[in-house]
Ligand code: C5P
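Form predicted alone, single chain, as structure tokens, below.
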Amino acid sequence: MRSYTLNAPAKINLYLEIISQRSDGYHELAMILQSIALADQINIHSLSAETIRVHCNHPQVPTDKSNLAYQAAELMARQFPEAFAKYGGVEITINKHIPVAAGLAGGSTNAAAVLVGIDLLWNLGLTQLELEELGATLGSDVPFCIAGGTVIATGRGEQLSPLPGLDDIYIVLAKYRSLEVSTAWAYKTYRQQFGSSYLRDNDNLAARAAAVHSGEIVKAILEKDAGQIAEKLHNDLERVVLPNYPQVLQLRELFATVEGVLGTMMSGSGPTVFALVASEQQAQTVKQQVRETIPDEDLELFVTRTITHGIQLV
């Protein structure tokens, strides 16, 4: 039986701007997404029977049809029934390193890895664009997780425009293990509080372009200027999450006071907060200082870095 092992990197948001409400219920967004080295490892093994099995080493991760990796395998079976019948089902083993419910696209990157792995397992020969289009039906972050690197994401997050990749900007991540923030709640609350500021004419491309303010951070990324990138970090969802989640606010305020931190922000809808730093040594020092200040065992801390790729074969 054939098998593949894939690396499935997490992502952070360097920029998140909410522009308007879409007719499909989602929000029109302008984001800059960034892959990081912190990654899950996914093993995909062929089975003789036409069935799908999922295993995971993390007790909080479901292994039934609610798991996005399972849904990715189901999608491939529906889309390519002849290959499913010819090659049989798949057994998916998720070795989890990305914290759960962290706003780091852990579920999405697992699903992306399954799409890539089954494409290889069943000799489908799909292009990256075809895989991304399949991924978009599973979730807004899945197409990005396939491609990875540094991209501008628009629409509901599935329309990707690559930027020059950022390599080796070091990052410290902080997330309370027991704390979760509902993405649906965050966007709903933002709409309730700030919906009056939304752009109304969604069909006016000039108005949409004028509403986006990401130009300065894009310029910093093009120049690979970590200091300027850190200064231009922006996340609209902080306006609703930070007042309602004091632990997230505490982490952000603490990072802002630690020497060596270039900039800090909550990623996505949270609850993970990250800090950009200039070197691995400084990142380890920042991690140690945060741990000494907050010795709570519930607080997870990670040192990682930016990378220029998405799903990769191990």
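Because the structure is a prediction, the values reported are computed rather than measured. Position 1 is the first residue in the sequence shown; the rest follow in order.
Unshown form predicted together with this ligand; subsequent notes refer to it.
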### Message
I'd like to know whether Gly148 contacts this ligand in the predicted complex, with contact meaning heavy atoms within 4.5 angstroms.
### Response
no
#### Entry: Partner contact for Ser214 in the predicted complex: this ligand, 4.5 angstroms, heavy atom
no
### Query
Within a 4.5 Å heavy atom cut-off, is Asn235 in contact with this ligand in the predicted complex?
no
### Message
I'd like to know if Gly139 sits close to this ligand in the predicted complex, meaning any non-hydrogen atom pair within 4.5 angstroms.
### Response
yes
#### Entry: Which of 159-167, 113-121, 77-85, 180-188 lines the interface with this ligand in the predicted complex (heavy atom within 4.5 Å)
180-188
### Query
Which listed residue (Leu29, Ala283, Ala39, Ile44) meets the criterion of a heavy atom within 4.5 Å of this ligand in the predicted complex?
Leu29
